[in-house]
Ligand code: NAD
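Presented as structure tokens, the chain that follows is alone, the form predicted alone.
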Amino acid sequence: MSGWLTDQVAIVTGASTGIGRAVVDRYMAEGVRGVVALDRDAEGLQALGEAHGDRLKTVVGDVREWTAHETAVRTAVSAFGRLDIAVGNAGVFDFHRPLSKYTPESLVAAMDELFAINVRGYLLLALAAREALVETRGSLVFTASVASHEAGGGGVLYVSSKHAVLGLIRRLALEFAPDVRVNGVGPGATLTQLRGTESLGQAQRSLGADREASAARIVPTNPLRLAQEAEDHAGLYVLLASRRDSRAVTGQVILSDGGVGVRPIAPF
């Protein structure tokens, strides 16, 4: 099988559903040697494994924990002989909760949980994968967000966490150069199973739970009038991992948001 990523080996976190699942599926179609999928959802990983057979290895783990990332890197190297791409994608949402809706206690608890997943999880992946990626002159690709640039992309915690992701992409691109490229994809509102925090009782709530209602809310928010699907973003994760087609790109976030940034300030 040949494609943009022929014979490369990847790790994808948050891989069992949504954008993570779409990235795994697309990487397989682009000819990777293998993918290690990391997620807390054991059933979702089992379904992913059934879809992709021997080219997929799974790690059930929490991205907040060092051991999950260490195990994923070790699995990639032992099963497939190398690591070329590490995709940090696992995340949680705050459903646009403003600061005024928090108590001091709920703010501390939610911030600890959300930042541990959305930011620390990426840094732990980068730390665990760095040496293996240096050996292959590989790539880190992080899921940023329209909220990495736009204040309206979430609530106070989500927006600040995704602004932090933009900062760590830029800083790690500087630190890891010239051996490893570090970039991000910035999706807009997407019909996925992105869930909320356990600390705020939102863990069973997801952006795409009611697809029709969610699509109706999303479509008016971007100039292309798109209710985006996870698959709409997957090609950018391929592009940024491709040595042939993005070898001069690092420290960048490519927005995939339906054109949110070009909205007029006021209606015409």
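Because the structure is a prediction, the values reported are computed rather than measured. A residue's number is simply how far along the shown sequence it sits, counting from 1.
One more form of this protein should be noted, the form predicted together with this ligand, which is absent from this view; the next part is about it.
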Q. Does this ligand get within 4.5 angstroms of any non-hydrogen atom of Val35 in the predicted bound form?
A. no
(Q) With a cut-off of 4.5 Å between heavy atoms, is Ile117 one of the residues that contacts this ligand in the predicted bound form? (A) yes
Q: Spell out, yes or no, whether the shortest heavy atom distance between Ala189 and this ligand in the predicted bound form is within 4.5 Å.
A: yes
Q.
With a cut-off of 4.5 Å between heavy atoms, is Ala241 one of the residues that contacts this ligand in the predicted bound form?
A. no
Q) Can you say which of 23-31, 219-227, 62-70, 46-54 gets within 4.5 Å of this ligand in the predicted bound form, counting heavy atoms only? A) 62-70
Q: Name the residue from Arg195, Arg130, Arg97, His149 that puts a heavy atom within 4.5 Å of this ligand in the predicted bound form.
A: Arg195
Q. Does any residue in 130-169 get within 4.5 Å of this ligand in the predicted bound form, counting heavy atoms only, and if so which ones?
A. Thr143, Ala144, Ser145, Tyr158, Lys162
